[in-house]
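The data below hold one chain only, encoded as structure tokens and taken in the form predicted alone.
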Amino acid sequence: MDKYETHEHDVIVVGAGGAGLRAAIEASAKGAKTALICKSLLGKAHTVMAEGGIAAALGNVYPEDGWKVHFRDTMRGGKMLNNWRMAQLHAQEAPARVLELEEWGALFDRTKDGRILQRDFGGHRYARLAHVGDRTGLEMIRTLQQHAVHKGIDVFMEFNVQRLVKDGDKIAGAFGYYRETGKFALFKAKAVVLASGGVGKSWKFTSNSWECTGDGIALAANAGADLQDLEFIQFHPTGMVWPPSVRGLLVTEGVRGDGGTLRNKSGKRMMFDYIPEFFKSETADTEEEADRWYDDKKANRRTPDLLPRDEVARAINSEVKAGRGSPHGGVFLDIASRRTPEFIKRRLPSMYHQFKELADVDITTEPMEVGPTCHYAMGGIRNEADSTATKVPGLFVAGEVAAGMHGANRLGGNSLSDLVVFGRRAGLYAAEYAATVKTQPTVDAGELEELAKDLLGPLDGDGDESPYTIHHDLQESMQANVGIVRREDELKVALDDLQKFKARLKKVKVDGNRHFNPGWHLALDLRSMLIVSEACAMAALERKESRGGHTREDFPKTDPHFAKVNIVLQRVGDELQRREEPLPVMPDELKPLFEEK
């Protein structure tokens, strides 16, 4: 093993977004020698794309808000498929995590009396998103990054982890390469926290950046962990649709929280036609009533433009399919008719500049064209609620890579609070586990040699396939067959396609050497994308109902059977095997919360 650069730590954290940074901070604070590894540059995490705010029941705008209301909103938004304990911990601990960020230097917008201001977001009964204009994720990363760096945590940038190594059945570290040089390195560790983010680059239209190739899910699956709920992919209702070069770029839900309304090509406020029974008791059913809510946030019923994301995305999809969409295949999002230019530029500065510079649209005077875009994976790696531990000893998970917290659909703003609540817990329990491991785990030298040889395969092979062509075909197939609305025949087409892509990937040939070689990087990323894509399609085929972020055209209703189970997948050899696991049973004292209006 002397031929490989080697580092030894108690805890390594893979991923430097909000969850990874918070996990590294906590592990280090508990005395563990900690390393933070990121695929890109520090500060480039996808967390910076979360614009609208961080959800926490601080009660600064609505004193009647509290953790029980937030818990209920989260469970209902997730169609009751959430792990109830995760949702409870999240609602209870989010306020403390927000105040902690403030203590560490985060500069939140303020109420007139100086408290943290909170804005409305879809699916939340009360205004509870603490925010920094529409740049909340960026401020969160800035704050956590500075706090982590001054703690002296070892940081390794532009390093791509390709395999978790084990000592028997226990985690022993991670093996991968530096993206710049292609040089291999081994990180020995007693515990690993995976906080590597999402999966969106398997779809053609996505808000996700290039890093989001499902690496953490594939790493966990290959190490023996279970996957869960991967059929639930959230299509954010409002991504840019024009020009094509920026299609999918996110338009924050804060536009609607601050007064924006969705309209079809005839100018009709379309969302009044799509209020589901589940939300009718809380949602305005006339424009006049919705306008009163916008003007007086103390009104009892909310605008349907702020329904949960899955409901809004399906409504936009229906309008476009019915021929009532905008010229470029979306609908119109209008805030100009409701708010002054000064208000828009103050509250939504990033959105103003994004549309002005990229689409030559002035959102203070004209509407935006928006449409659904692949945004977030509710599913991921199956883990224990309190500790974030997986079934693999020494492996912990946090953030988007983890399953359970959001159920069938995530509410806006819950992602950022999820990162810091469970990032802290992952770092804490990883450090505690590492402290019980008295000697550094051993790594088999022969296994590393085989790993290195396998990773160099695309450079040494004699095939004729291009990774760029396979990636293009993968995105086309997933967009067409495992998109916002699914059918059995299309899901089977996707699964057939994925088997062909696997065969083609074995014949990939990449020119050049290991230095600065994006083709080689993509060829390796495709391994993760194919695992995640197959897991999503398999689970979507198994779940014969429509619920949250999973809509089956051939099974349009919910099924009581699937309301009680998670679909779990496990990698056995080169194949994924699926099974059903019962949901954790909610304690009786929490059940009355769902009987309230």
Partner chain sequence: MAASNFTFRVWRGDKSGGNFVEYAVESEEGMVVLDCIHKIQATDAGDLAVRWNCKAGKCGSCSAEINGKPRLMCMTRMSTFEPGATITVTPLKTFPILRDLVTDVSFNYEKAKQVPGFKPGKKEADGTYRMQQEDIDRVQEFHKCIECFLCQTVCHVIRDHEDNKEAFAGPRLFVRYASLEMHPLDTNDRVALLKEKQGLGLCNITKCCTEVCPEHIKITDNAIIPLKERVVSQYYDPVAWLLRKVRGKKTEAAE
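Numbering follows the first chain given and starts at 1. Here the structure is a predicted model, which is why all the values come from computation and not from measurement.
Quick note: we don't show the form predicted together with the partner chain, though the next part is all about it.
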query: Segment that reaches the partner chain in the model of the complex - one of 488-496, 154-162, 218-226, 440-448, heavy atoms within 4.5 Å; finding: 154-162
query: Listed residue that, although the partner chain is not shown, lies within 4.5 Å of it in the model of the complex (heavy atoms), from 209, 92, 318, 479; finding: 209
query: The partner chain: the contacting residue among 26, 65, 51, 534 in the model of the complex [heavy atom, 4.5 Å]; finding: 51
query: Heavy atom of each of 256, 265 and 290 within 4.5 Å of the partner chain in the model of the complex; finding: no
query: Proximity of residue 507 to the partner chain in the model of the complex, heavy atoms at 4.5 Å; finding: no
query: Contact label in the model of the complex: residue 511 to the partner chain, heavy atom within 4.5 Å; finding: yes
query: Interface membership of residue 245, the partner chain in the model of the complex, 4.5 Å heavy atom rule; finding: yes
query: 4.5 Å heavy atom contact, residue 518 and the partner chain in the model of the complex; finding: yes
query: Contacts with the partner chain in the model of the complex - residues in 143-171 whose heavy atoms fall within 4.5 Å; finding: 145, 146, 149, 150, 157, 158
